[in-house]
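Coming up is one lone chain in structure tokens, specifically the form predicted alone.
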């Protein structure tokens, strides 16, 4: 009798988790379970009813709920367990889960964390003021409007101009609500420039180079006070505030576990195949690079699932571990470590997000040697990928770090 309850346990049923389950099923792995803490599978897309998914996977734009339905059809034999929260991860594939029937300990040959990301709420941005009603995030807004068919306000302000900020704008439009304003700290929107036309068409002003200094209101929000870069202060009348974007990985279970984390980002360290510091655990999707588009996460999940199937079949070969470091101008990079097979050159893709706009060369060094250099235009909240960066095992054996730099060297 096997000492494992499952071959693979996947935590999270968003696009990356479904992608991993699909690849594992197609590879012939039978004992797969996907745990989801919510009552329905799908993660963030199930609350996003406008057609912003599917261009890469299905070659056409579709809504979030239809996107999840279409992905789910690709792995119909996989078991999904909702209302199940993984509370503890331990070595050797053990985990504790909380279900409606109680808490129990189970074991899997391999665990995949696909826990996704969440927006930074007001308290994480240190925004001053009292705590009136009407302060929310895009995700909570979409659950109000699409899930509960409720409109929590009539003229809110949106903080941020990432893609998800315009998703909030679309959601409000579908409910017949016109926002009072969008607030942006930079001199241009974080999303692609054409998105600003959408706000203009809806007659929603964007305040650039601005930050919130105060939220007014006692029981309910009544307005915002903003400071503009030139020193001016303005008051915006609104009855709600939507804090959008500034995603962080939803990694509470990983942070409480034995997994090694990046000390700066608190994201789990993963290699080029998304395997963590524990070879029995992989971490994929927005849990390690918040926040990328659903299609990117699904495709990554397929790749990670294929790798895990190979690990279950062949095990992990002997390897050297080399760390990936980066300049302070880079917010995060994935992978964060590289496992190098002996006597081989490995080509890897390195994805990263920047803290501020940058145009110029991106250089990758292995020790003192430049192994890759290319020119990139980088914007915050956008995934930049360096493809086929060559890393040699001989250099890795000397523990030379891989360093990504936003500069000519």
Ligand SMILES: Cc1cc2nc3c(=O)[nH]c(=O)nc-3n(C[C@H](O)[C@H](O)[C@H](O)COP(=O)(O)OP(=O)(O)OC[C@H]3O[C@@H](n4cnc5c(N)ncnc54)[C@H](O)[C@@H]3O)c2cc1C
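Numbering follows the first chain given and starts at 1. Values in this document were obtained by computation on a predicted structure and should not be read as measured data.
Below, we turn to the form predicted together with the ligand, even though it does not appear here.
Though the partner is left out of this view, residue 160 does not reach within 4.5 Å of the ligand in the model of the complex, counting heavy atoms only. In the model of the complex, the ligand lies farther than 4.5 Å from every heavy atom of residue 210. The closest non-hydrogen atom of residue 235 lies beyond 4.5 Å of the ligand in the model of the complex. Proximity of residue 379 to the ligand in the model of the complex falls outside the 4.5 Å heavy atom cutoff. If you check the ligand in the model of the complex, you find no heavy atom from any of 265, 282 and 304 within 4.5 Å. Shown alone, this chain has one stretch from 22-30, 356-364, 380-388, 39-47 that lies within 4.5 Å of the ligand in the model of the complex by heavy atoms: 39-47.
Only one of 273, 127, 120, 84 comes within 4.5 Å of the ligand in the model of the complex through a heavy atom, and that residue is 84. Taking 190, 142, 136, 257 one by one, only a single residue has any non-hydrogen atom within 4.5 Å of the ligand in the model of the complex, and it is 142. Along 205-223, not one residue places a heavy atom within 4.5 Å of the ligand in the model of the complex.
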